[in-house]
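Let us start with two forms of the same protein chain, each given on its own as structure tokens and named structure 1 and structure 2.
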Structure 1
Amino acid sequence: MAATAELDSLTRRRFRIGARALPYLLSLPALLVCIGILIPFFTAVYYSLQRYRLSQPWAREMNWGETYWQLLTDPSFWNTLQVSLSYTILTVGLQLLLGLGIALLLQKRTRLNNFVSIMLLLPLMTAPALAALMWKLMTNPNFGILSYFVSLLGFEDFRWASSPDTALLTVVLVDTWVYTPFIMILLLAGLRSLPRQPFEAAALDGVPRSFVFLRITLPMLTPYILTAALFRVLESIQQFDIVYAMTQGGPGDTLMVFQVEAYLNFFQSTNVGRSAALLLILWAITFAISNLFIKNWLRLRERTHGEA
């Protein structure tokens, strides 16, 4: 009798241990793949603390942060930071405004609106590098349709991405073409999931629409706007594909955003240490932003879960 009870509890414990190990076993392979990705990360930290040029392997040695110091005292680094920040602020600002506007425009569930929102998926599903190539063809000075339109407006010899004055704006335009639909989709989903009662009450009371928008719609939409904005800020400050495919950081250094600068440092000047240090500074910036993002995202997640 006692023996069976003991056996029983033993198997139960074994079963329990098995059940406890299960989630670890299930997630282990995915975790291993990700841990594999941590190795190059720490390698980058190691490289950034070295004087390391591929062209001068004999001069490779630890210099304990001197690379960072050199970066911070180099005007080209501050140019990179400034270009990256301008790019981010311009793209995210423009895309938020446009995305919100389009989402409001398409808010009603009509057949036309749904059709248009599906069409707007297409730029988002275009590879950014290929989108850059498309716009390069359209802004070609010899036959580009956009160059032609601009010449009709009286701007002869408008040089788009190849002129330092307009390069940033041209690339921002391409980024806006690709990513505005992303913000639009998130905000449209948000708008359509808002509770109806406050709006019905406001309509009943004859509250002016500008007041409804500023005092009801916008505050209720704020978590969605923040999520979309943070998502885009994180990607925008790391922009590589569009800038590289369109101008490779030029003309001059007008479009030397972080990752393009790091790429060119690695492959053109073969300065591995400097490239790694640049990327780690970028990583620190994105890490700070993504913490902000995750906090906001958690709040939103609790809210959507609470309502469901």
Structure 2
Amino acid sequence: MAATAELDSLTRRRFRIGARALPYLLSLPALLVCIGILIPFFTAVYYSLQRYRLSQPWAREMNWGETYWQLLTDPSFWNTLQVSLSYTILTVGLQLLLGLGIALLLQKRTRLNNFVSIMLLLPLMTAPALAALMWKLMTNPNFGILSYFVSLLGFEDFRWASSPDTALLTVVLVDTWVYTPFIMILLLAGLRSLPRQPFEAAALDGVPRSFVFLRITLPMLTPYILTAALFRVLESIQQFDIVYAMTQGGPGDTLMVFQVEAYLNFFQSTNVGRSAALLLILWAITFAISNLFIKNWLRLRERTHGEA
């Protein structure tokens, strides 16, 4: 009897230890992911505080943030910031307008609308770099099909991405072609999930469609618009594939966005410290933008719940 009681006590003690350890074991994967994210981040911080060129390893030393001061006093950095923000504002603004317009057109559930919405997703299934190369061929001044159509309109020597005047417009066009379906499908899902009662009441009262859109549809759709805009802003300001594949940041420094400049600093100038500092500044900008969007989204949700 004594041996059986001791065995039961041992089993209960092991069970209690297992129950206490279970939460830590379940959270272990998340902890490993956090470590996997933080190690490269703090490595970049460490490199950004150094004067470090791969071609001059003997001159490597800590400069404690001098690289950041050099960037902030360099006109090329402010040009990079301006180009990145311009690119982001143009692409996200255009894609939101087009995505919302297409979603409104396809809002009604019909077989044709479902088929068209699936077909419109095709650009989203194309790799951005591949899409950029395809558009580069179509806009070639010598044999590109788009250059041919533009020449029919009287623009014989339209240079597309090779001209400083039209390079930004061309790359924004490619980005819009690739990513508008993403916003369209997100807003279409939001439109189809809205409650029908306010719209039915407005129809019974004979409220004009413009009033219904501005005072009912748009406010109820705002959380979806904010979510779509947040995703696209974060991706656009970090754009690399399309810009590099089409122009490599040129002509000149016309399209020198953050990611492209950091890439060129690392692989062409072998300047590891400057490249890391550029990427950390980009991280700070995206962090600030994310906080801004999330705070607005939470404020909007609280207001909606308060009204409800």
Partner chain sequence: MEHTSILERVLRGIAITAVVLFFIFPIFWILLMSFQTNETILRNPPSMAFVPTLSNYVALLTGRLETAAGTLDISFMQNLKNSVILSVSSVAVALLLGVPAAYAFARHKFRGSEDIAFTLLSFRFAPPLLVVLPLALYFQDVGLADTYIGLIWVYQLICLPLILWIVRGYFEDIPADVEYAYRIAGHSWFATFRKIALPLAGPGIAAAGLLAFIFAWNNFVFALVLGSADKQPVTVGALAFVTASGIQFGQIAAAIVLSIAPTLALAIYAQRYLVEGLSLGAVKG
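Residue numbering: sequential along structure 1, first residue numbered 1. Remember, it's a predicted structure, so these values are computed and weren't measured experimentally. Each form is matched to the other, and the largest set of C-alpha atoms that superpose within 1.5 Å is called the rigid core.
In this comparison the chain labelled structure 1 is the form predicted in complex with the partner chain, and the other chain is not. Taking the core as reference, the C-alpha deviation of Ser290 between structure 1 and structure 2 is 2.5 Å.
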